[in-house]
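A lone chain, given as C-alpha cells: the form predicted on its own.
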C-alpha cells in the first residue's frame, strides 16, 4: 500500500461521514417541507453515499480490486486520490453551507 492509496481511503471515509450528515439534514428538511428541491438534495446525498460506499469496498475489502488499485502506477494513484480529496473538499463546503 502507498501513501496515496491511504489518503484516498481516508478521503472516502470523510466523504461518507459528510454525506451521512448532509443526508440527515436534507431528509429532515424533506420530511418537514416536502419540496422538490429538498428531495433532490436528499437523493443527491444518497447516490453519492452509495458511490463512496462502493469505493470504500473496492479500496479496502475486495481482495482482487484492492490489490490491483494498490499496484497501479503512482501518477494514476495521485489522480484517483486527487479526485477523492476534491470531492471531500466540495462536500466540506456544502456541509459548512448547510449547517451554517
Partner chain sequence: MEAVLWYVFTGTRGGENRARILRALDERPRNANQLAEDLDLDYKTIRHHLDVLRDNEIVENSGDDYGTVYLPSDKVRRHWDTVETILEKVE
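Residue numbers count along the first chain shown, from 1. Note that this is a predicted model, so its numbers are computed, not measured.
If you look for the form predicted in complex with its partner chain, you will not find it shown, but the lines that follow are about it.
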Picking from 90, 10, 17, 25, the single residue whose non-hydrogen atoms come within 4.5 angstroms of its partner chain in the model of the complex is 25
Although its partner chain is absent from this view, report whether residue 71 comes within 4.5 Å of it in the model of the complex, heavy atoms only.
-> no
May I ask you to state whether residue 97 is within 4.5 Å of its partner chain in the model of the complex, using heavy atom distances?
-> yes
Hey, in the model of the complex, does residue 41 get a heavy atom within 4.5 angstroms of its partner chain?
-> yes
Might residue 29 be said to contact its partner chain in the model of the complex, defining contact as any heavy atom within 4.5 Å?
-> yes
